[in-house]
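Next up: just one chain, as structure tokens, the form predicted alone.
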Amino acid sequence: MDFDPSDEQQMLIDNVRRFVREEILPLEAKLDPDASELDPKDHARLVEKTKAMGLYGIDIPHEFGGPDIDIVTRTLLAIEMAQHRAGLYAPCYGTFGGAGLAQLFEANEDQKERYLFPTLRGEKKAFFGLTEPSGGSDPARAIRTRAERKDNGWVINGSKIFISGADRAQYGIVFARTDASKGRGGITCFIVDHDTPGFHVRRVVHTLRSSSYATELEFKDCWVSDHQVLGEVNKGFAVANDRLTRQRIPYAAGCIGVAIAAHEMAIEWSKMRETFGARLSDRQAIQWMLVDNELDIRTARLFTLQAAEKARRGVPFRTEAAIAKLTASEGGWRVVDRSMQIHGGMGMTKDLPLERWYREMRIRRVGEGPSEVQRMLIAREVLGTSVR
């Protein structure tokens, strides 16, 4: 399987790489080291540039107005877009646009008019409410938020945690148990507006990401109508599972992008830094660290593009996505760690982006399914067992 970019893909890669180098990096140099947003004027100016590039709304399906690129091309571009200080969680500071919540592309026409299209136009923001205090690695069993039938609708009671952006969103997708006897077959997905009585953001949850935070949500006798059910009743887990599987590919690509940037910094530093009369790059210990970086990056890139290619062909790719997420998040973190070590004391400072990548890459080993869950999914494929 040949993963060398086509001429068209290479042109897009070069354009994005130039955009990061000429537009993002100079602006970022003036920001706080933990910043995740640009000045609104700069953001608006760069959005116009990405529109002129034909890449705005990069995650929006072509039939809904997004650029006509496949998931392999999208993965290659995600690797490039992540190669700056804030790139892991704010690639190019959102100037390429976003698709909101992918599940809404499967919504009914009424829901698309009320939620999807306003989101694509930038008029509304959304949150994804799956993880609960009872656990996030096994949502099919850990979901204790309940929705019970009442007055041509549903009453939701429960809580969610580690939810990004809920305090600034106009609505969210919330998963609740509607039939306790059916396990993963008894979960339903609801669209909940931010001003729905009974819903509120209970508290902010601070994490390793200094400039960002998560939230804890509470639902207390929160009534929503049948029109707010996304998909079918008791089939919400399929909606969540599809999202998690697909998201693992660009998630892995972002890790690879940061790893590449850290590796390049380490190579450059090793060539100019001298200790005890010799350059670091002349020392075998440093050479081997750089070789290990190269191995981790190439391995993650190969597995991630393999997963993207299977997704592009429309064949099952769940195992490949798990392998991609596992190798990219763990390998990428090792690359950043080695690169910090090569930089010595400078690697620990906020003068360089390494310490931020180190913190944020640590989160990646838990987000979108922790490493242990990825290994469990891969093991099931290896052993030929089913998902129970």
Ligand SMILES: Cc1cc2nc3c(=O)[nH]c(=O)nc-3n(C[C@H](O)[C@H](O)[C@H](O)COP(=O)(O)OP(=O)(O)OC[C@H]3O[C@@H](n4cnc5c(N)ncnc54)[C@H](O)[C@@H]3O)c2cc1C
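Note that residue numbering begins at 1 and tracks the sequence as displayed. Note that the structure is a prediction, hence the values are computed from the model and not measured.
One more form of this protein, predicted in complex with this ligand, exists but is not displayed; see below.
The stretch that touches this ligand in the predicted bound form, counting heavy atoms within 4.5 Å, is 163-171, out of 218-226, 163-171, 254-262, 194-202. Though the partner is left out of this view, Asp14 does not reach within 4.5 Å of this ligand in the predicted bound form, counting heavy atoms only. Though the partner is left out of this view, Ser281 does not reach within 4.5 Å of this ligand in the predicted bound form, counting heavy atoms only. At least one heavy atom of Thr131 is located within 4.5 Å of this ligand in the predicted bound form. When contacts are judged by a 4.5 Å heavy atom cut-off, Glu23 does not count as touching this ligand in the predicted bound form. Checked against this ligand in the predicted bound form, the residues Gln287, Ser137, Gln247, Asn157 give one hit for a heavy atom within 4.5 Å, which is Ser137. Listed residues His84, Lys310, Arg209, Lys125 were compared with this ligand in the predicted bound form; Arg209 is the one with a heavy atom within 4.5 Å.
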